[in-house]
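Shown below, as structure tokens, is a lone chain in the form predicted alone; questions about how it binds or moves come after it.
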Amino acid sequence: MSSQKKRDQLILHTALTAGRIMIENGSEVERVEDTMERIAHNAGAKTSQLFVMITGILMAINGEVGAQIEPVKRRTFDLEKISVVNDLSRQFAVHKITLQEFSNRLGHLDKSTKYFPFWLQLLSAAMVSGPLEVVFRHNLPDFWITCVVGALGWLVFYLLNKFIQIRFLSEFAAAATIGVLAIWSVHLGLGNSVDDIIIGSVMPLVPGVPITNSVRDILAGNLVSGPARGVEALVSAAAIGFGIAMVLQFL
């Protein structure tokens, strides 16, 4: 294999890995396309053609007849990884790192499971639940119990998502848990309004990133990925709604 062929393979591998990491962690398609094109251009590719969907990426450079595909087998939300990929791309653009170093760092990032500490996630869920309950329902007395219920709901979601890895089932179970805890808290005199506690507590589970990216992709003309993300967000919302509805129906 000639040195130019090896260079092209490295460019493709680096760009496809960067794009896959971004898609897997919640980036919109337009940003992925822009980042991959910049990587190819800054690496010296004369032309680049790519097709990005939320389930896979195809890319060819320098007029090659064949294209390489990179499947996207999982999707989660980790904006920190997206930020790291963008930062590495900027460093490569100003020649602070080489293409090989760029590829190696992407490989390390891809294997890294570093995430925010579990205690910080619980605290964040509580701080999302309580304040939004007050904002939407103006019910200050239920602020603290909403924080507690929201944190416990996130605990159930985190544990199930870690061991079962079926996001929709985790959301359903977390929503059902929130509904049960909201009812119990009112019966025990710890809260005043079941509805207000539920509304605040489910906020950490609401699929805000998929909804936002769906709208952005549609407005950018990505009429395959946009609706697909919308369906994903709709299923998540339905799972949350069904969990709450089941509890209210039987309790």
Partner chain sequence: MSLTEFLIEVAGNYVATIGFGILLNIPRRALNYAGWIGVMGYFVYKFIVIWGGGYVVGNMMGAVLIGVASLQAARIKKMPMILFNIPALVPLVPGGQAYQMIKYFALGENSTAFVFLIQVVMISGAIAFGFLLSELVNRVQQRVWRHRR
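Since this is a predicted model, take the numbers as computed values, not measurements. Residue numbers count along the first chain shown, from 1.
Not pictured, yet referred to below: the form predicted in complex with its partner chain.
Considering its partner chain in the model of the complex, the lone stretch of 67 to 75, 128 to 136, 96 to 104, 169 to 177 in range is 128 to 136 [heavy atom distance within 4.5 Å]. Although the partner is absent from this view, I199 contacts its partner chain in the model of the complex, with a non-hydrogen atom inside 4.5 angstroms. Although the partner is absent here, F116 sits close enough that one of its heavy atoms falls within 4.5 Å of its partner chain in the model of the complex.
Looking at Q4, you'd find every heavy atom of it more than 4.5 angstroms from its partner chain in the model of the complex. Its partner chain in the model of the complex is not approached by Q49, whose heavy atoms all lie more than 4.5 angstroms from it. Using a 4.5 Å cut-off to its partner chain in the model of the complex, not one of H13, M59 and Q165 places a heavy atom inside that distance.
Taking a 4.5 Å heavy atom cutoff to its partner chain in the model of the complex, the contacting residues in 9 to 41 are G26, S27, E28, E30, R31.
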